[in-house]
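Okay, here we've got a single chain as structure tokens, the form predicted alone, with questions on binding and movement later.
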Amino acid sequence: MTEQDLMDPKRQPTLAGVERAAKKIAAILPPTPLLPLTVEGRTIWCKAECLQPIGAFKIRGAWHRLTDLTDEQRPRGVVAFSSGNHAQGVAWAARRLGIPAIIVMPEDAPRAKLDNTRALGAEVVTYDRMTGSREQLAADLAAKSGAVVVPSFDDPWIVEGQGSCGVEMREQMLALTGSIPDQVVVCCGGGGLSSGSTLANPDARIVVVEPEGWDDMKRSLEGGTIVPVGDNPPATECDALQTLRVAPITFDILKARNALGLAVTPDEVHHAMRVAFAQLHLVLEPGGAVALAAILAGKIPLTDHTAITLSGGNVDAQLYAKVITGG
């Protein structure tokens, strides 16, 4: 692939791109732990992305994207849209690289995510999640300054960057067990992490997990074509996974691999958060716990080498305390 090909925003993400992103991430961050957890007498391996500097895997795609900005693009900055984890990833990368960043975030995003994004030096512009278009608002803001829009999943750099998690997962499991993952279970919103992990693990069965009522990737995979979230979707604590419609770039990768989609209930998510706290000593946000929730609920047959993502830990203290205490 030529340098011109690498810089084409319309290109498709590739395994080579994922491996390139993994090298870039490895140069600045240590791998997150891959932790064993016993479930029904079998060991599953849990990739603790909640321990990233911003508390979520989104730092990966943001770093891969922003480090590929040209010298002409960097001074004009970037505009991103996110419920909070991608926001923090872009803000973190932008601050480290000295790039101006504006982040479009929903008004009802968790306070911790809003505060953390601002603390990282980004300008935050809020909107109404159910009535406003974050894509349009971001495009309008970018047009004023010539900034580059950095989507949360609909972008080849983002998919490849998130896929670096799958590269680490594969290498760590091989080192720990002598085998690569034969099943990868991934928390899914827009599908950046799941599609990137799919590219990174070409021999594994892929399972994506979403919260009930926001399981548009599941229904899209079942129907063979992209379908949006239905009208009046239910309230969910999984704010990181509230994607109204997935994108061809992620859907096509998952469809080509015959990925399975699953949905979990709020009670199943809460149970997973409590198990992660008690047995792994990790803080998970609801959206970061859905893959584990599906495992614990028995919705996925376990294999000898199942790996899962614990994708984020940015949760408001009050909500977390309520969940952990069973309130």
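Quick caveat, the model's predicted, so the values are computed rather than measured. Note that residue numbering begins at 1 and tracks the sequence as displayed.
The next section is about a form of this same protein that is not shown, the form predicted together with another copy of the chain.
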property: Candidate spot Pro33, Gly313 and Ala321, all three touching another copy of the chain in the model of the complex (heavy atom, 4.5 Å); result: yes
property: Candidate stretches 257-265, 293-301, 62-70, 49-57 - the one whose heavy atoms come within 4.5 Å of another copy of the chain in the model of the complex; result: 49-57
property: Option touching another copy of the chain, based on a heavy atom within 4.5 Å in the model of the complex, out of Ala139, Val125, Met130, Leu176; result: Leu176
